[in-house]
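Before any questions on binding or motion, here is one chain by itself as structure tokens, the form predicted alone.
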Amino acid sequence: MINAEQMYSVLDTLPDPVFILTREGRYVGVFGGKDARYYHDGKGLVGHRITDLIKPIKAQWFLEQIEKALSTQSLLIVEYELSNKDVKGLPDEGPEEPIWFEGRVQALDFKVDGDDVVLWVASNISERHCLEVQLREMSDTDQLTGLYNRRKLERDLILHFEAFTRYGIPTSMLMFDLDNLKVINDSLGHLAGDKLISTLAKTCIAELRTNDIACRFGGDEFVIAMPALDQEQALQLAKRLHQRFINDLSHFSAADTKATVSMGVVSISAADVTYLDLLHRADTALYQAKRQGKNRIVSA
């Protein structure tokens, strides 16, 4: 059996930092953190409280995790970020990217000075988190246009539909596609068609708000979800975007046929049962725009 001094030595050589924290967030022990690539010496934390060091909102989150670990008496695994903006007394200027950690929090079966305590192991996972973000973006992004794909759109539409049904927050949708793409493909080749599609995507990126969700729905068909816009507001945005499309596509033509765009605009209504009803009504409005002569907007 190893003695207490040897056990302390083992704990102190752990690559990741290990904290013993009371329910109130007081550091009563700090071990490990010997991987100098990621961590500074944390011994000076002992005796301080999280609320002394971390700004209120983030500090409250840490205290909530400690309370959860103590109340459940089970291992709690959390991911969180920390930056200089979270730490009291540091200037807001600093690295643009925060450091991401995985925390493993476990209630201990003894008290320190009469206080319940947890063991909190913090592992720097910034590189893994960055890779996960990149993979998620790749899985949600259309390769040709750089816009989101249908999978991402449908996930977000579910959330916006819930926001409408619970809180009445509107979401509108614009569905559009290229007119006469087959004629242009047959005359100028499919690379010209791809350039047309890419041009539409670039126009969307330039014109839309940051919280609008633009996706390539399939082929030459696009969908834009516009959170917090009602039907009339969405129609005004559609008109502005349509005019921009006319300008940007003006030099694409073949056999006296111009590349234009037809659009359908809809908003979530109380009659919609799921987000699929919204998609169906948008598709119907787009079909009506086609039937009425193309190069126009139908607001359903």
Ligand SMILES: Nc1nc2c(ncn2[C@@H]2O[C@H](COP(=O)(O)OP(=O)(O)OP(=O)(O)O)[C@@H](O)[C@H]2O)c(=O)[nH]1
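Numbers for residues come from their place in the sequence shown, where the first is 1. As the structure is a prediction and not an experimental result, all values here were calculated from the model.
This protein has a second form, the form predicted together with this ligand, left out of what is shown; the following refers to that one.
message = Please pick out the stretch from 116 to 124, 183 to 191, 75 to 83, 161 to 169 that is in contact with this ligand in the model of the complex, where contact means heavy atoms within 4.5 Å.
response = The contacting stretch is 183 to 191.
inquiry  = So in the model of the complex, is this ligand close enough to L144 to count as touching (4.5 Å, heavy atoms)?
reply    = Yes, L144 sits close enough to this ligand in the model of the complex that at least one of its heavy atoms falls within 4.5 Å.
query = With the partner left out of view, is K294 within 4.5 angstroms of this ligand in the model of the complex by any non-hydrogen atom?
reply = Close contact exists here: in the model of the complex, K294 approaches this ligand to within 4.5 Å, heavy atoms only.
message = Please determine whether K290 contacts this ligand in the model of the complex, using a 4.5 Å cut-off between heavy atoms.
response = Looking in the model of the complex, residue contacts with this ligand include K290, since a heavy atom lies within 4.5 Å.
query = Using 4.5 Å between non-hydrogen atoms, is G89 touching this ligand in the model of the complex?
reply = No.
query = From the list C204, M175, I197, M226, which entry has a heavy atom within 4.5 Å of this ligand in the model of the complex?
reply = By the 4.5 Å heavy-atom cutoff, the listed residue in contact is I197.
request  = Counting only non-hydrogen atoms and a 4.5 Å cut-off, give the residues of 214 to 240 close to this ligand in the model of the complex.
outcome  = Heavy-atom contacts within 4.5 Å come from R216, G219, D220.
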